[in-house]
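There is one chain below, alone, in C-alpha cells, taken in the form predicted on its own.
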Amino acid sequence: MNGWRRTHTCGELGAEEVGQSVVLMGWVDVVRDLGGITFLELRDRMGVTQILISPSSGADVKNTAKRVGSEWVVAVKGEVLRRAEDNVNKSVATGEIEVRADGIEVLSEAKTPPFELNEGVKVSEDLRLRYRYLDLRRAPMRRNLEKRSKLGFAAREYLVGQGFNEIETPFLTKSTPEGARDYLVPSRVHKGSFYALPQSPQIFKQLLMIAGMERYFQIVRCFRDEDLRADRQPEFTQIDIEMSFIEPRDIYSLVEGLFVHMLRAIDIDVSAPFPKLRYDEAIDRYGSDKPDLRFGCEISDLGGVVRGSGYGIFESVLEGGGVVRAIVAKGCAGYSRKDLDNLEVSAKALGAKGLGWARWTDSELKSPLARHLGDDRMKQAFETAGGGVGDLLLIVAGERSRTSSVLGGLRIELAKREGWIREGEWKFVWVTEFPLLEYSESDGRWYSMHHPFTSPHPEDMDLIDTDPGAVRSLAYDVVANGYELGGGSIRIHNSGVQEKIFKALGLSDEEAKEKFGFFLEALQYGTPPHGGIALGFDRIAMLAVGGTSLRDVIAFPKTTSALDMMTGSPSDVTSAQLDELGIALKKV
C-alpha cells in the first residue's frame, strides 16, 4: 500500500474529527463528476464517507479521480471538513462531514460488475450465487452475516457461562444408513472402505457424556445428502448441546435462556418460559408439529355436532373412525365463490377429498351444507368452532391425521392472505412427547421418528413389544413462528433398552453390533442419564434477520439442486485420482 496506513473506517468520522488529516481505504461506491469538482462515495464494511475532489486537490488527485470506476479499491488521504447545513445527509452516520482528498492511491482496479450492488436493486438469485463475492458486498448481505456472527458469539458466551465445554467431534466417521443419506468419503489408505460426513455428532456427544464431560456444546457443521428446500442445505450449522443428570425441564430452561440471550444481542426481545404442547395436541389444534402461534384459527372437532344429522358423507366418515373438523376464518364472510373455489383447490392439493364451507353474514348464514344439516345445526357448528357473524367456516372430513394436515395448511394460507401475522413478532413453543416410532408401509418396518437413541417414555416401556406405534418418547422440539428451530431428547442410557429399540427397528443383533457395537459396549461402562438438543443455527439466523431462505444468512450456500454456482462444484475428478482411491465409475 506504498506505506499508507488506514486511520479510520468509512463509518466512524463525525463532527469531532473536523480538521483532522485521515487516511481511508475502501471500495468506490459512486462517482459523481460535476465538472469543477468530483465526489466519490467510499465504502467499507463499516459505512460510507463522501470524498470531495476540489480544484485545490491538485492535478494528480483530479486525474486519478477521473479514471476510477465503481468497485475500484482506493486509499484516500485528506482533511475532514464539515458539510454545509443544507448538504448534511442524515441517512448515513458520516453525513455531517466529507473528506477533501489531498491524495488518492489506486490499490486495485475492477471490471464493471455484472449487476448493481445498490441495496434496492433486484437481482436474480442465480446471478447473485454465481458472483457471491460481489453479492456479499451488498449492504443487506453484510448486515445479515454481521447479525449471524453476533448470534454465534452470544451462544458461546451464554453456554460457557452455564459451565459448558466446547469440544470438537470428528468429521470423518462411520456411515449409519438410518434416516437421511450420508455423504460418503472414500479412503485412499483402506481402498474399498468409506468414511461418512456426520449428519449429526449424536453418538460422539453421547460418548462424551459416558466419558464424564457432563456439559458439552459445539457450533458444528453437519451434512445430509437430501432433497433441498429454502430452509434446507446439504451442509448446515447447528448448536449441539448435551448434558448429564438431567430431565426435559432442564433442557427447556437452558434453551429458553439461550434464545433470550442470543436474540438480545441483535436487539430482539423474547420472553420465557415458552408454552408447551404435546405432539398429539399440536396436531389436533394446529395441524402441524411445528405450529405457528402468532395467530389463532385453531382446529375444532365438529363430530359431536354433525353426528346423527343423517348427512351420508359425514356419517360414513365418523362410522369409519374418521373425523369432521373445521377452522374459522375471522372476518372472511365476504369471500366470493371464486375465493372459496381456490381454497377448495388448495385443500385438495393438501390431500382433502373436498371442502365444506359456510358464510355467516349480517343478514344470513349461507352454505351448501345447510340443506343437509339444517340452519340450527350449522349455527351450532359455527359456535363450536369459535365463529359467528362476519366469519367463514371451513370443514374437512376424513382420516384424522390427514384432516388435521389439510386444515393446518389452510390455516397458514389464510394467515398469509389476510395479514394475520404481525411483522417482527416471535412466538415460541415446545412440542413434546413425540411418538417414538413411525411405520413405513412401503418398507414394512418401523423407523425412529427422531433417532434410535431417543428414550421411550417410562410409562410406555411395556408397549414397545406389543404396540410400538403407541409408544411416546422423551423427545422435544423447540418451534418459533412455524419453524422447527431445534430438536432433542433424553437419551437411552441402558444397554438393554437400547438393544430392545434396535430390535423394534428390525435390526438383528449382528446388524446392531456391526453398526453400533462400539457404542453398545460403551453403554456398559457406567452411563449417566443424559439428554440434549441440536439447534439449527442457520434457521435461527434466517428468522432473526427476517429472511425467507437459508441462503440469506450463509456466506457461500448451495442451490436447491446442491450446486455451488460460483466454484462449479460438484465437478469431475481425474482418472488418476479415482485410480488412487481404487474407484471405477459406473455409467448410468
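The first residue of the shown sequence is 1; numbering continues from there. Nothing here was measured: the structure is a model prediction, and the numbers come from that model.
Although not depicted, the form predicted in complex with the RNA is the subject of the following passage.
Listed residues Asp126, Glu119, Glu510, Asp376 were compared with the RNA in the model of the complex; Asp126 is the one with a heavy atom within 4.5 Å.
Taking a 4.5 Å heavy atom cutoff to the RNA in the model of the complex, the contact residue among Ile554, Leu523, Leu543, Leu52 is Leu52. Contact check for Gly36, Ala180 and His451: all three have a heavy atom within 4.5 Å of the RNA in the model of the complex. Per the 4.5 Å heavy atom criterion, the RNA in the model of the complex is contacted by stretch 200 to 208, the sole one of 422 to 430, 165 to 173, 152 to 160, 200 to 208. The shortest heavy atom separation between Asp44 and the RNA in the model of the complex exceeds 4.5 Å. In the model of the complex, at least one heavy atom of Ser70 sits within 4.5 Å of the RNA. A residue is said to contact a partner when one of its heavy atoms sits within 4.5 Å of a partner heavy atom; Val22 fails this definition for the RNA in the model of the complex, lying far away. Not displayed here, the RNA is kept clear of Glu413 by more than 4.5 Å at the level of heavy atoms in the model of the complex.
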